[in-house]
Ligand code: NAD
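In structure tokens, the next block holds one chain alone, the form predicted on its own.
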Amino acid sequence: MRKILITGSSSGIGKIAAEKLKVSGYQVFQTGRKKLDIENYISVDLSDPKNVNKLYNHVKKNFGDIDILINNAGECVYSPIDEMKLDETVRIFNSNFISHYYLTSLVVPYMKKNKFGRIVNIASISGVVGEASASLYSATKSAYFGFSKSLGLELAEYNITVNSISPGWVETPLTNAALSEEEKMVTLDVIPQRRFIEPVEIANLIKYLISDEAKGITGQNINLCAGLTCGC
């Protein structure tokens, strides 16, 4: 039975993906900032890369080696660039990308030895098209595109695939809390399908990308955005 580690899975996309993959027969270990009393879970803050070793060592000791890594944890900040502070910039980059880069480096040796691995990075449509006052968030998410392409090429001979998914606006409690009803209507008006993506759609795409049916897909970014990148 394949073992999966999903970061940022105490709520939202990560939680739904974990639930989907569990019922699909995978063993899943979850992480998040929230303290939850569930099996195979540890609370950890990945805005500090030093916590990556804590996470990896705990998972390896209590769960075993990882076959599939879903890099999902992250946070969004909206601010004009001239109002961003250096410490906040570093924190967001750590949380959204650097800690995942380091975590990936720790799980890859086992994948190479085992001649199997799947790595899925949850990026964002903001990294694809850009978003005003979200240059930092967009930068952290677009970093996954080059990462997935280069690492996919590096690990191809080991039967390890590396891909990223770029969701558009997703129907989550965080989204609903961030937008007023008026803002939500304005947002929906610019989405071609006039709807937000459901978390289960992302979970289903993850399930496909880690399956044997998708073994030929690597180094790719897939936009799951209800048509946001199609143009107007």
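Quick caveat: nothing in here was measured; it's all calculated off a predicted structure. All residue numbers refer to positions in the sequence shown, first residue = 1.
Below, we refer to the form predicted in complex with the ligand, which is not included among the displayed structures.
Heavy atoms within 4.5 Å of the ligand in the model of the complex are found in one stretch of 161 to 169, 203 to 211, 57 to 65, 181 to 189, which is 161 to 169.
A heavy atom within 4.5 Å of the ligand in the model of the complex is found for one listed residue only; from N223, S11, Q220, S24, this is S11. Taking non-hydrogen atoms only, V107 never approaches the ligand to within 4.5 angstroms in the model of the complex. Under a 4.5 angstroms non-hydrogen atom cutoff, the ligand in the model of the complex lacks S148 among its neighbouring residues. Contact annotation: N40 falls outside 4.5 Å of the ligand in the model of the complex, judged by heavy atom distances. Taking the partner from the other structure, the ligand in the model of the complex has no heavy atom within 4.5 Å of any heavy atom of S142. Counting a residue when any of its non-hydrogen atoms is within 4.5 Å of the ligand in the model of the complex, the hits in 104 to 125 run I122, A123, S124.
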